[in-house]
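One chain comes next, on its own, written out as C-alpha cells in the form predicted alone.
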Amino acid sequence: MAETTENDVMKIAIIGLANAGKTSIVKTVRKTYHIGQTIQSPKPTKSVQRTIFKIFGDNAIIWDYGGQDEYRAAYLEKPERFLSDIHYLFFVIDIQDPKSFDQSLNYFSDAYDFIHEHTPQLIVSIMFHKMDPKIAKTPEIKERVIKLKRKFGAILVNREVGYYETSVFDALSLLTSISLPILGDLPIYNKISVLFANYAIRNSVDYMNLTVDNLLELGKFRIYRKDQEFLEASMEFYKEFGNLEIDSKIRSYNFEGYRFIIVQGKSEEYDYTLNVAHPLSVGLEMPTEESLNQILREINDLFVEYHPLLN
C-alpha cells in the first residue's frame, strides 16, 4: 500500500496575526474533544503546527500558521510551499484589537490572492474571535463586525464566505464554526439538527450535539434563553471532561445545575458521540435511557440513508 502524503489529505488552514487567538482555538477544540495527533513541522517550516485527524475515514490536517511578522513574510514569499492545496481557509481576527484590523485585512488580502487562484473550490470562513460573552452584544463590538464584514466582502468578490463569532469562553461556538464550513452543507446535518430540536422540546433539554471523528459537529440544538448560565456550566464541565473515563454506552454527570449526558454511538461505518445538557430544575424529568437509545436508532438510520454522501 502506498504511503499517504500530505498532498493526499484535506488541508484546513487557520491563519491570522500573532495573538489573534488561532492556537487557542485549536487547543480548545483538541482539549475538549481529545482529537488527533499534533506534530511540529521540521525546519524550516517550524512556524506551522499541524494536527492530524480523520473525517469519515479520510485523512485531514489542521495547519495552525504562526502569525509573527517573519513567519507571515515567509508564507507570502514562498506561497507555493505554505499556501497551496488549502481546502478550507479560516482567517482569525481579534475583535478586541481594532488597531490590528488594517494589518489583518492586508495580510488576508495578500494570502487570499494566491490561495484562491490555486484552489477554485476553496471554502473561506472569517472568525471574529475573542467575542467573549460579556462584550458580544455591545454596540461598539456590533459596529466593528459590520465594518469588517464590508471590508472583507470587498476582498472576497464573487465568493461566498461564512462569518463566525467565536470565543474560548464558548467552546461550543468554536466547534460549530469549524464544523459548519466542512459538514454544514450535508443534508444529514439539518436532519440531525431537526431531530435534536424535536427531542429537546419534548424533554426540556437545553443543548444537544453530535460529534463524529471526535472533532466535527454533525448536528446540534442549543437554547439561548439561559445562555450565560449554561456557558459557565458547560465550560467548567468540559474542563473536567478529560479526567472522566467513558467506559460505557451512556454516562451522565451532574454539574453546576445541569446533567451532562454523554452517549457513545456506533453505526456500521462511524463512531460518534451524542452530548446532551439538561437543567436540574424541580419538576423536569430527565431524558430516559429508552429515549436516548431511540435517538441513537434514528441517528443510525440517517447514517445509512446518507452514507453515499459522506464519502
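Just so you know, these numbers come straight off a predicted model, no measurement behind them. The numbering used is simple: start at 1 and walk along the sequence shown.
FYI, the form predicted together with a small molecule isn't displayed, but the following is about it.
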property	result
Contact residue in the predicted complex, from 169, 107, 114, 221 (heavy atom within 4.5 Å of the small molecule)	169
One stretch from 190 to 198, 142 to 150, 76 to 84, 126 to 134 that, in the predicted complex, holds residues within 4.5 Å of the small molecule by heavy atom	126 to 134
Proximity of residue 24 to the small molecule in the predicted complex, heavy atoms at 4.5 Å	yes
Residue 20 within 4.5 Å of the small molecule in the predicted complex, heavy atoms	yes
Partner proximity in the predicted complex: residue 96 to the small molecule, non-hydrogen atom cutoff 4.5 Å	yes
